[in-house]
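We've got the same protein chain twice here, in two forms, each standing alone as structure tokens: structure 1 and structure 2.
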Structure 1
């Protein structure tokens, strides 16, 4: 019998706000000492009252709109109770009754074509802390830096049917949320986490099979492996009666390549949700809604379409630039400033992206402004600065985004000289010092000319129009 897999995802995404959801502690604890970013509020001590970080609601709305959701204009926070040492108040503040966004739709594309994945809801909530187990001492340490860091949980309908679709869906979420600049979505950093709800049924059946929930996949590859393993396990159970499937939560062990049922103690329990009386319902009025809506970026595919039709870019260039909203913004502004979109695209792809890669920065970390880049491109195309020196200026702009390219070129002697007297002098010196290359060139070796050209350019510190130099050099050699 043929089977089909039915998958729904619960994706947790850490929002990229500066501070935590209900207090002013920093939400960024990467590299911090344990319990450095904590206060009585996020430690759940008595007496502190939660005050909603408005930016979290902004980001929640943005995420909802990017994923095609309806925004609930009155959204409320609720308490979810359970005991665990990483949850200092013994309750998590989340959204149970009126989440910020519902009923969305995300389009994905796989080898089988395009497909819509329905979003059930997106709710905002606080993260829990971290437990660090010390095997040597047989103790457990608690780090509350992460408690109350804002999260959204994106709950999909069971519309996915393969690992390929799941990967496409996660990529799409990551792309859209990064475009809206609300989250980093990096599984390796824990800023995107994914639980997989999976069941299997005979192909064509409209009845859902027994569903299991898998946790603890820390990479896209682990998710793929987990889905493949779990699908096979379900089919095996149905075909060969190897085991009886039960609805349960399972932990994925990526090293063993297997999923294991979690102890019922870890998963059972009644969360006793109820509205948090300390957090007033958040009312999103028209002004607020419109402000958020108008702040959203163009969707990636709209941009791609426009880049090709409006700027005349090729498919490859378009794909490269639209990988990141920061690259898009830089490109658009640079194209506007220098008036040459294709040249701007070339600079982004060949120079900007290579420096980002070299420095191991994500594309979204780009701080160089499009305006400055456009000015730099204008300097090069106007013959004021040589390309090699322009690259040096660009590198300096990466270090200090406030650098004005023209001022920097002037201050550092990167301006092309129109002094042909100087060029003549350098050409004469270089040619006289290297008669062998001159002879080689005259004997028909084009490469020998390039060597002489390079040495001249070096002597001139790059501040020379290459065409002019080439012309003078050839004329000089011809005269010999």
Structure 2
């Protein structure tokens, strides 16, 4: 019998706000000392009242609109009751009865074509703390830095059917949320986590099978392996009666490549949801809604079409640049400043992305302004700075985004000087020190000339017009 996999995702995304959802503590705890960013409010101390961070609601609405959702104009917060050591109040403030956004649709593209994935809802909530297990001391420590960091949870309908579709869906979410600048979406930093709800049924059936949930998946590769393993486990149970499938929460062990039962799957009734009396309903009026709607960015696919038609870029260049809103903004400003969109695109793809990758930075970490990049490109195209030295200037701009390219070139001796007297002197020294290369060139070996040219350029520190140098070099050799 043939089977099909049915998958729904619950994606938890930390919002890129400066402060937490209900207090003024910093929301950025990655790399911080344990329990450095906590206060009585986010630690669940008695008597502390939450105050809703408006920026969280802004970002919740923005995310909803980016994913094609309907925005609830009255959205409320509720208490989700459960006990766990990293949840100091013994309940989580979340949204159940009136989430900020519902009924969305995200379009993905896979090897089988395009597909729409329905979004059931997006709700805002506070994150829990983090348990740190110390095997050596046989002790578990609790770090509350992450407590009350604002999250949105994006709940899909069970519309996905393979690991490929799940990866395409997650990539699409990341791209859209980064474009809107509401989230970092870095799984490696824990700012994007995923719960995978999976079941298996006979192909063609409309009845869902027994569902299991794998919690807190935090890498694409782990998600792919977990889906493949869990699918095979379900099919084996149905085909060979190796086990009785039950609705449960499971933990994925990436080292062993297996999932293990954690607990029987809770239902909504187990959490005893009820309206949080300490948080008033949030009413979104027309002015607020229109303000958020007008702030939405141009969607990636719209940018791609515009870049090809307006700037004349090829499909590959366009695809590379539109991977990140930061790259797009840098490109557009650079193209405007230097007046050459294709040259600007080439610099973004060949030089800027190369430095980002070398420094293990995401594209959205780019801080070099498009205006500065455009000015640097103009210096190169205008013959004032050589390409090799321009790369050095660009690297310095990554270290200090305030650097003015022309001023830096002047201060560091990178401006091209066509002082023929200096060029003649360097050419004479290089040629006379390497008679073998001179003889090879005269014997018809063009590479020998390039070797001499490279040594001359190195002595001149790249501050010379290549055509002028080549002309003087050939003329000098011909005289020998």
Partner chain sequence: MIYTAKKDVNSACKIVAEDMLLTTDMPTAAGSKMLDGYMSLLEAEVLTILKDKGYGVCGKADVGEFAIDLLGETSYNGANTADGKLLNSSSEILKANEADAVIALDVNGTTRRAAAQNGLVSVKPTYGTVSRYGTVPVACSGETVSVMAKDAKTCRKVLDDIAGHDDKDGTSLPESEIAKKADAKEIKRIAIINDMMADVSDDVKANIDSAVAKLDVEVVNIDSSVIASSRPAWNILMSAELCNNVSRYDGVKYGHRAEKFSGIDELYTNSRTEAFGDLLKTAIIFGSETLSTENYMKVYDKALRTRRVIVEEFAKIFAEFDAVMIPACSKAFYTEDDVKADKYVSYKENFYTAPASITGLPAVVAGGVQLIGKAFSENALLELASKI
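Residue numbers count along the first chain shown, from 1. Model, not experiment: these values are computed from the prediction. We call the rigid core whatever largest set of C-alpha positions still superposes within 1.5 Å between the two forms.
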Quiz prompt | Structure number of the form predicted in complex with its partner chain | solution = 1
Quiz item: 2 Å or more on the CA of residue 464 between structure 1 and structure 2, with the rigid core superposed, yes or no?
Solution: yes
Quiz item: Hey, does residue 146 budge by 2 Å or more at the Cα between structure 1 and structure 2 once the core is superposed?
Solution: no
Exercise. For residue 166, decide whether the Cα shift between structure 1 and structure 2 is 2 Å or greater, given a superposition on the rigid core.
Key: no
Practice problem: Align on the rigid core first, then pass along the CA displacement of residue 340 between structure 1 and structure 2 in angstrom. | Solution: 2.7
